[in-house]
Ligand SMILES: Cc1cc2nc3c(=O)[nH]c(=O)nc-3n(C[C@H](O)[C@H](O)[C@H](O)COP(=O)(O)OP(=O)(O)OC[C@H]3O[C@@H](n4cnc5c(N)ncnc54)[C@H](O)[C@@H]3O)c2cc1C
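Just the one chain here, laid out as structure tokens, in the form predicted on its own.
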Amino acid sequence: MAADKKDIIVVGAGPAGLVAAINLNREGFNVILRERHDRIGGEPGFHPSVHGTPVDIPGLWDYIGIDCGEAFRLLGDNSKTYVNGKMIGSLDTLMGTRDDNAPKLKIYNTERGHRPTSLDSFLFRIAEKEGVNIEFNNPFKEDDFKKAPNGTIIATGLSQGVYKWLGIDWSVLGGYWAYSEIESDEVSAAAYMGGFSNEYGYSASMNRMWYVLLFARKEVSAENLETFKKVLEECEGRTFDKWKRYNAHAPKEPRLFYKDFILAGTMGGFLEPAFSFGITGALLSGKISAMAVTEPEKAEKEFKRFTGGIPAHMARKREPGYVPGYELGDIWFDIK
């Protein structure tokens, strides 16, 4: 290791933290990846889960330096969009490009959580094989933030405490989710829009698991959950009796650098604003946060390339008559 290279702490062993740790480890740094839980898979209050996301393949894999194809399954034609219980087309209906002749990014499903088939577990196996030092049951507490060395990467952003400790303004997302193991190995997804949420609900399945999430800015009422359950039953012929309630947090604006920290994933605000897609953003920001250690100016430029349009889009979401949509761009998204 070169004399000017120092130890690096990465906080949070989700996809963003794992991608950052793998990349920095490959560059010769002594990476200490700290995870508050006793195993891989993120917050148990949010996972296991399945998510559909647009992905540019192989562009994304080339960018982050990790081929994650094993953890992603192509949706193909098995995707639908419903508005007030009526199907209006596939998930592609929600997505556009600046050039009608440009190829659209394909949509894939991926799993989050602790199961061996998850994206988290896939990246963990790579990190472990390549010698990343992962410390489980080692939460980063308020005092740790006060004495953390410069350049510490914060890759955890769903919990309110981190925002309070860092002094970062946050927004709240609330809702309900449920999942069940199923016999079929189907790969499918559906988006649901209607008066039951100021965001949307969706279902997704892969790896013999069916997952459903209904979320909104601030909160979903019990009455709206009941309405959504009926829509789900009518459209898919199945629903859940028991749902888990969740409350998540996200920063009000994207940042790569804050005080002496480097921010990644949700903490960095790397969330596509129209539909809150976060999986691809987590992978991208993991790479960019690693880049920020060695090439901060280049990393800042790359961060702004992907996230520069987020604040303006978020402002439009609060305007009457807002309709979600975005333009797909290089590797991930260019926001209109």
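Please read these numbers as outputs of a predicted model, since none were measured by experiment. From 1 onward, residues are counted along the sequence shown.
Another form, the form predicted together with the ligand, is not on view; read the next lines as being about it.
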Looking at 288-296, 302-310, 50-58, 22-30, which one sits within 4.5 Å of the ligand in the model of the complex if you count heavy atoms only? 50-58
Is every one of 81, 88 and 201 in contact with the ligand in the model of the complex, taking contact as a heavy atom within 4.5 Å? no
Between 71, 166, 158, 231, only one gets a heavy atom within 4.5 angstroms of the ligand in the model of the complex; which residue is that? 158
I'd like to know if residue 140 sits close to the ligand in the model of the complex, meaning any non-hydrogen atom pair within 4.5 angstroms. yes
Check whether residue 213 has any heavy atom within 4.5 Å of a heavy atom of the ligand in the model of the complex, and answer yes or no. yes
Would you classify residue 43 as touching the ligand in the model of the complex, given a 4.5 Å non-hydrogen atom cut-off? yes
Is it the case that residue 264, even though its partner is missing from this view, gets within 4.5 Å of the ligand in the model of the complex, heavy atoms only? yes
Interface residues of 7-44 toward the ligand, as seen in the model of the complex [heavy atoms, 4.5 Å]: 11, 12, 13, 14, 15, 16, 17, 34, 35, 36, 37, 42, 43
